[in-house]
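Below sits a lone chain in structure tokens, taken as the form predicted on its own.
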């Protein structure tokens, strides 16, 4: 007899097939020509066959209010991460008040569909609530940070795969010792705020994999090489001090016009393995605002980047997870004004198009997952 979770997962898979079939029928003159990418043909199935996690950033309101979106997420992902629902503004409407509604929605959805969840994030210099500036001082910053982590990580203790404990704390351009970023947390809580955050997170949730997450460390451009070295120095120092850290998150917001990641990133991942750290690809997408050509030509270029990058990364045994920052172009942050294409066309940056059809990037990513050595039985 199947468990309740197994039945819910099977129901979700059936709903995904029905939903995507209906969407394709509405948006394609030849729906029969579109391949079935659910069930054994999904990213999820291909990842699970190789002991990998594959997933995306999600929005709780769309999980509950948009069946097509929910069905796609259920069918393709075995791990989810909240896009914004676990950041401070969502959780902390007032200094003494917490709101877990959105975060709980994601946890419940994942539980019903046999998925893991990454927490994002416990400490970041951006996305601070409106009350922060008038409330947090050098006298209380450490207490406020620790209490936040104890409350939030403690609420979900034992339920999360991992936490992005500290996000984007390195910025060599700030000109500070050790490459630390100028930030409110550094100013108010001191340079050991990172250690404080990780130690508090371990106390609150001993089971979650504690992660340092950052961007702009993927290519061999001089600035990214410098930042990557600073991140490595940071985590080496943490390990030396006995600070609990389990993984590094490489955000992977790739730009189609930049040189692709190569030997520098590969060596970085291998050095992380030598010091016992896992690696997660946490926010993968491809900014293609400068790409020229037809939609098909753009799609081909984007797919090649997905294939090359994911293939390189899954070849490393300490890379456990690949998550895209969203799953469909319909809701990508890259269609915001800051990243608009000069021709006004929407970006085509994720595995599924805005109408939920699988993009060439989907098949490229799936092919890349298949290059991972299958686990030993």
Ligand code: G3I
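All values derive from a computational prediction rather than experimental measurement. Residue numbers count along the first chain shown, from 1.
The same protein also exists as the form predicted in complex with this ligand; that form is not shown, yet it is the one meant from here on.
Checked against this ligand in the model of the complex, the residues 228, 298, 120, 113 give one hit for a heavy atom within 4.5 Å, which is 120. The partner is absent here; in the model of the complex, the one residue of 124, 188, 131, 100 having a heavy atom within 4.5 Å of this ligand is 124. Using a 4.5 angstroms limit between non-hydrogen atoms, residue 87 touches this ligand in the model of the complex.
At a distance threshold of 4.5 angstroms between non-hydrogen atoms, residue 203 is out of contact with this ligand in the model of the complex.
In the model of the complex, this ligand sits within 4.5 Å of a heavy atom belonging to residue 168.
Among residues of the shown chain, residue 253 is one whose heavy atoms approach this ligand to within 4.5 Å in the model of the complex. The partner is not drawn, yet in the model of the complex one stretch among 102-110, 76-84, 287-295, 240-248 has residues with heavy atoms inside 4.5 Å of this ligand: 76-84. Heavy atoms of every residue among 283, 325 and 333 are located within 4.5 Å of this ligand in the model of the complex.
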